[in-house]
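First, one chain by itself: the form predicted alone, in structure tokens.
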């Protein structure tokens, strides 16, 4: 089994490399921009796939966690702390190397938190918030859980769109690049397009390998038991509350990581990233991908997000994802790309046999 997963992930890595080589050879490197952004959105979708497909907990508020990661990192790396330079706390942060001086857009000197420190702060805050709200919220089931997570997402959207420090309706711009290592920078600079493509997809590959191993472990079996029959799993000694909470927090952290990286890649973030429609989009992709199907979620996530980012849906973008979710819930609630549904779908287009034609 371990060898099978390693082969699958290696094939994904080979496809990623092949796509980059193809776009380079055909002079279409501009496609890598949308593929890079799609990869970051995939992190949210993969985390949500585990939460929904394997644990059976629906969330319509994961755009809120994505926005938390992005906004906290953007605020810390752009908010000028020069006027607080004499403050003892700021002095301590500076002595620890957590602050950096840089030149602003208009040539002024700025004192900001370093991207690495902002990243850690964003993930820590998301972890704490997810843990605190996950405990009471995950006691709910069905549409009550969906409504609670929807309320959380709405609260985050209201906060970021109405708070001056988060830029209100304009969001936060001029977010600096995120230097992961010397020479390895998360940035939308055209000259760094190829390296950023590999950074984004390297994260996706690492997360896929992690989640595939998790689902084949004792934890994964416990999650499947919870999804299948929570009461029965509890009677067999599975701590259902703890497992559900941990997966909820894990999926929230995945979303926050995606938010941080995409914000630095785009050099900004706006309130639309925390909107309800963003959360519905993630749920729709998980649903069409096959619920408990990480590979299905990955394929559909890349495909639909790429088309959306390229503008193929035009002004009907939100309507398309809303329509997809309605159709899937009506006709294939277990997901379109589940094995049985996929065979049925292929059968619709298969050529009828001679016996059937008689």
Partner chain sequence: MSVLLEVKNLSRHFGGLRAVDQVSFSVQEGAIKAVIGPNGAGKTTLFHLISGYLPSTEGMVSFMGRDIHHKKPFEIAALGLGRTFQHVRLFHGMSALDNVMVGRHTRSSAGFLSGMLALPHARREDRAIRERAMEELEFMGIASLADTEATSLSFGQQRSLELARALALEPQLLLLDEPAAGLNMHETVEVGETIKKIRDRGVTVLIVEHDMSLVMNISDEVMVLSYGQKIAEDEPLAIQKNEEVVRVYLGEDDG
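Keep in mind the model is a prediction, meaning the values are calculated, not measured. Positions refer to the first chain, counted from 1.
The form predicted in complex with the partner chain exists for this protein as well; it is not shown, and the discussion that follows is about that form.
Peer 1: So in the predicted bound form, does any heavy atom of residue 247 sit within 4.5 Å of the partner chain?
Peer 2: Output for residue 247 is yes: heavy atoms within 4.5 Å of the partner chain.
Peer 1: Considering only heavy atoms, tell me if residue 141 and the partner chain come within 4.5 Å of each other in the predicted bound form.
Peer 2: Because no heavy atom of residue 141 falls inside 4.5 Å of the partner chain in the predicted bound form, the answer is no.
Peer 1: Closest heavy atom of residue 125 to the partner chain in the predicted bound form, within 4.5 Å or not?
Peer 2: Outside the cut-off, so no.
Peer 1: Should residue 75 be classed as touching the partner chain in the predicted bound form when contacts are defined as heavy atoms within 4.5 Å?
Peer 2: Residue 75: no contact with the partner chain in the predicted bound form.
Peer 1: Could you check which residue among 210, 277, 180, 132 gets a heavy atom within 4.5 Å of the partner chain in the predicted bound form?
Peer 2: Exactly one residue meets the criterion: 210.
Peer 1: Which pick from 101, 94, 216, 170 sits with a heavy atom within 4.5 Å of the partner chain in the predicted bound form?
Peer 2: Looking at the other structure, the residue within range turns out to be 216.
Peer 1: Among the candidate stretches 229-237, 279-287, 149-157, 192-200, which one is within 4.5 Å of the partner chain in the predicted bound form when only heavy atoms are counted?
Peer 2: Looking at the partner contacts, the answer comes out as 229-237.
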